[in-house]
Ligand code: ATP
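The chain below stands alone and is given in structure tokens; this is the form predicted alone.
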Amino acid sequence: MELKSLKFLTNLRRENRQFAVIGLGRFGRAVCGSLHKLGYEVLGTDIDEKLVTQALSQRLASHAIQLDSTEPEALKEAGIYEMDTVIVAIGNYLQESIITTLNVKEAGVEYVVAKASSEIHGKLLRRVGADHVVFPEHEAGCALAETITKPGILERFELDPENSIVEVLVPEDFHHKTLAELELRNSYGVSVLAVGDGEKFSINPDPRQKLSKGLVMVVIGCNKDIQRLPL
């Protein structure tokens, strides 16, 4: 699973250094592995001993232990309540997911991310205190649809559900035209933050700069307006 498409890691506070991931299915293992590679202290847990053993053998986490996360005392003994951030990656087991989220929030964990499998599941998780709810299957599906229909979009950073910053290939319609000629704010409702070759960018580019195919633009705007770009 490609975590870049899930986006939620960018919302985790940078000062955090200790994480717990509860649930070591596909999503949980991806989170553990990504955080561990970034150099963070990660504790992985699951009720399934086989999944715990796999996480340890694949070196996806600093530590991994077997426990039942619906039992508050088990979480306490494992030191889960001392973590900066807890990610509840149980997802497919609604009752266990909600009870676990409630347990860690009631114990005082400051920041809890929880995986949801449906809108109703997500609402329940927020009700019991989840600070951030993610829908990885939905987000992955949206990312795939966007890749198929808008291949010119290289990267997307969501500012909120309605607005994004995207990195896009300069479309053929913009070839050999200046930013001033294109009037993207008036024509599409978007603003260009930078133009470059994908490695080096010019910030706040000169409106007289000519664009050409192969260059990359960084654009900010609402998602509906971004979708109107000829990508």
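One-based numbering along the sequence shown. Nothing here was measured: the structure is a model prediction, and the numbers come from that model.
Beyond the structure shown, there is the form predicted in complex with adenosine-5'-triphosphate, which is absent from this document and is the topic of what follows.
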property	result
The single option of 190, 170, 51, 179 touching adenosine-5'-triphosphate in the predicted bound form, heavy atom within 4.5 Å	51
Single option in 165, 43, 47, 194 placed near adenosine-5'-triphosphate in the predicted bound form, where near means a heavy atom within 4.5 Å	47
4.5 Å heavy atom contact, residue 25 to adenosine-5'-triphosphate in the predicted bound form	yes
Touches adenosine-5'-triphosphate in the predicted bound form: residue 68 (any heavy atom, 4.5 Å)	yes
Residue 118 within 4.5 Å of adenosine-5'-triphosphate in the predicted bound form, heavy atoms	no
Heavy atom of residue 89 within 4.5 Å of adenosine-5'-triphosphate in the predicted bound form	yes
Check all three, 131, 157 and 160, heavy atom within 4.5 Å of adenosine-5'-triphosphate in the predicted bound form	no
Segment that reaches adenosine-5'-triphosphate in the predicted bound form - one of 89-97, 76-84, 123-131, 106-114, heavy atoms within 4.5 Å	89-97
